[in-house]
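Consider the single chain below, provided in structure tokens and representing the form predicted alone.
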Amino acid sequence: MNGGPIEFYFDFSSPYGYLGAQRIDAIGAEFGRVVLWRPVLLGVIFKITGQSPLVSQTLRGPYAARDMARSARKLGVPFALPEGFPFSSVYACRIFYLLDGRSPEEAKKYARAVYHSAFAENRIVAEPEDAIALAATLGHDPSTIRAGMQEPAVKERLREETQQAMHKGVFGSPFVIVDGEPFWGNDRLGEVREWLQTGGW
């Protein structure tokens, strides 16, 4: 049965977000649900929650790195933590929302490319020119992207999406909200699917 959209919140510097991005659209398609991709600035959220990147934490960090690699092998996708990790995702987010205002599907293509570049090719997309160049490989005009990513409305969209995410209780990546029910983490996507299949519990 079709219902409301699945909200998929993530940070481009999130390894688990990268893994979740491999699966979320297939889950949505299986149940006839639109998936709304919503990149946010996890660094801003961490300032509120007092969290830090998982891989930098004592004891938890080495386990997380091992688990990320293991999870990627299970999915059959390439994975390695890139040099310069964690990295700023401000410019990638801005370009995503610039594209999203025109075509959500083009924005998703860009998001997948950012993730693949970082976690499959060891090329982080942190600097403005890197973010623009990646968009150009997808057929977007660099000059248009460069100008658009500086538009006040695009900057405000990113700020609002991050604030709205926190208002909805988002504190990590990936974070999925379906029918008002929150699920945190790549390892909860199986439960997201069961929730949709059963109607919840």
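Model, not experiment: these values are computed from the prediction. Numbers follow the displayed sequence, beginning with 1.
Quick note: we don't show the form predicted in complex with another copy of the chain, though the next part is all about it.
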Open item on the list: Please tell me whether the candidate spot formed by 97, 106 and 115 is one where all three residues come within 4.5 Å of another copy of the chain in the predicted bound form (heavy atoms).
Closed with: no
TODO: Quick one: from 136, 65, 36, 166, grab the residue that has a heavy atom within 4.5 Å of another copy of the chain in the predicted bound form.
DONE: 166
Task: Interface segment, criterion being heavy atoms within 4.5 Å of another copy of the chain in the predicted bound form, picked from 128 to 136, 53 to 61, 26 to 34, 141 to 149 - done: 53 to 61
- [ ] Look up in the predicted bound form whether residue 153 has a non-hydrogen atom within 4.5 angstroms of another copy of the chain, and give yes or no.
- [x] no
Task: Proximity of residue 70 to another copy of the chain in the predicted bound form, heavy atoms at 4.5 Å - done: yes
- [ ] Please run the contact check for residue 74 against another copy of the chain in the predicted bound form: heavy atoms, 4.5 angstroms, yes or no?
- [x] yes
Open item on the list: in the predicted bound form, does residue 45 come within 4.5 Å of another copy of the chain, counting heavy atoms only?
Closed with: yes
Task: Those residues of 169 to 184 which, in the predicted bound form, come within 4.5 Å of another copy of the chain by heavy atom - done: 169, 170, 171, 175, 180, 181, 182, 183, 184
